[in-house]
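Form predicted on its own, single chain, as structure tokens, below.
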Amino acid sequence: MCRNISLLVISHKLRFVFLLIFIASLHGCAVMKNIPWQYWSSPLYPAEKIERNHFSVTGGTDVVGRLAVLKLAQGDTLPDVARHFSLGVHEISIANPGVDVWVPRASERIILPLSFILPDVQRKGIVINLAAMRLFHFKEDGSKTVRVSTYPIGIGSEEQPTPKGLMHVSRKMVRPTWHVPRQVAQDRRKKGDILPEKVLPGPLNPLGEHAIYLESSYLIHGTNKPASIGLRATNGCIRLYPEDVKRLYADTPVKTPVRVINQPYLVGRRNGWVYLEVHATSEDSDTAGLEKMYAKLRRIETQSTRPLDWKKVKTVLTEARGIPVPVFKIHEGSEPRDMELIEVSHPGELYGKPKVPEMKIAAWYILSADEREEIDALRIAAMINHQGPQIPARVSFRNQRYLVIAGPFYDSHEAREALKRLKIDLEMEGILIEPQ
């Protein structure tokens, strides 16, 4: 079908525009040569049993969850693994520097950063830490134990950041209508995308199926672009995976307080150990936050009988991998057991992973890219597949070239709409292929 189609020319800059969004967000990419905890390679821990979201916290405990390791399978992408384990793309990427976001190597082992230091703030209602791109929902159970649920989030872009401060939930809605903000409409119009005044519920609605409205004009809502969770990609609202926002929606009454903070340096304790978690490199450091962190660590060392490992503190700051690291001096055999890595079994089918339908002769397609190297074509196909709603794409080998074919589309309108979205969202100039 594609033999006589002229080669598609896409500039290097445009071809990788979506990938650059990820690369730009991956700060602190110095590779740790050694994992600083023992690694359990056997037996495998069942993937479905590792806790991702819900924890119980008693007084004096600030660290929840466990770090894990997953052996990747052929065709896995980091966004798919992230969604299955309720992690953000940014979280899983900075925890695994040097791993290709879209085309990681099969059998490569990656860290699942499923351990978190709770924000240093009153444990009440919803707390959103912009630096960690995480939402924490605290609920008391009538005893000394506090239940906390945590979810990865997408937050406002640098141009339209999520505002900080204290707000409250004013109302909630299932299948909300999106009333397009004037500035958003103007920005999209400049790209050739004319948006209506409102978008009704459905696959094209960026609010998804659940919306939690705050007193301000901002929302906590779902999304039709799950690969954007863990990125600075919104117009200021807080965005969650559809399955996560559904649970948060059911668990959040009206008038719940919502506090938005920015804490890139987190210090916490668990079982007598002190941990440090960093979400900012030296290039984007928060001077006041950094000084507060050092003061807290010095105070802990003064009050404790154990010295801190200040060399390790510096390493954690330099690498900024977003993982809690024990910073007491560790002697052989004295490592904290609750921070040992456990290897989880591969779930077989990753939740929400895009499925590409079989090719049909009587269908429309789009030639999206023409590449010499297979890995480049696979990367572009993965990016297209993770658009929201999905644009199915695959790689086809023809005449010693790797072609990225989007489709099938069952009529010209559907194909032209996909062509338009590729241009607006990924800046790709595709070629329409009519049914043969």
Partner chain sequence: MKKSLLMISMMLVFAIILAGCATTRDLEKVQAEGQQTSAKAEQALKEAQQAKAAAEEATIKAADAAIRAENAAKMAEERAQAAEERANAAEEKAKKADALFERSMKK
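Residue numbers count along the first chain shown, from 1. The shown structure was predicted, so the numbers you read here are calculated from the model rather than taken from an experiment.
We do not show the form predicted together with its partner chain, though everything after this point is about it.
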Okay, which stretch from 392-400, 379-387, 49-57, 65-73 lines its partner chain in the model of the complex, with non-hydrogen atoms inside 4.5 Å? 379-387
Taking 4.5 angstroms as the cut-off for heavy atoms, does E159 touch its partner chain in the model of the complex? yes
Does the 4.5 Å heavy atom contact test between E427 and its partner chain in the model of the complex come out positive? yes
Using a 4.5 angstroms cut-off on non-hydrogen atoms, would Y213 count as touching its partner chain in the model of the complex? no
Taking its partner chain as it sits in the model of the complex, is R270 near enough to touch it, meaning that at least one heavy atom pair lies within 4.5 angstroms? no
Quick one: in the model of the complex, does every one of W102, H221 and L231 get a heavy atom within 4.5 Å of its partner chain? yes
Taking its partner chain in the model of the complex as the reference, which of P176, P206, P119, G125 has a non-hydrogen atom within 4.5 Å? P206
Go through R109, R188, K353, K246 and name the one with a heavy atom inside 4.5 Å of its partner chain in the model of the complex. R188
Residues in 63-95 close to its partner chain in the model of the complex, defined by a heavy atom within 4.5 Å, in order: none
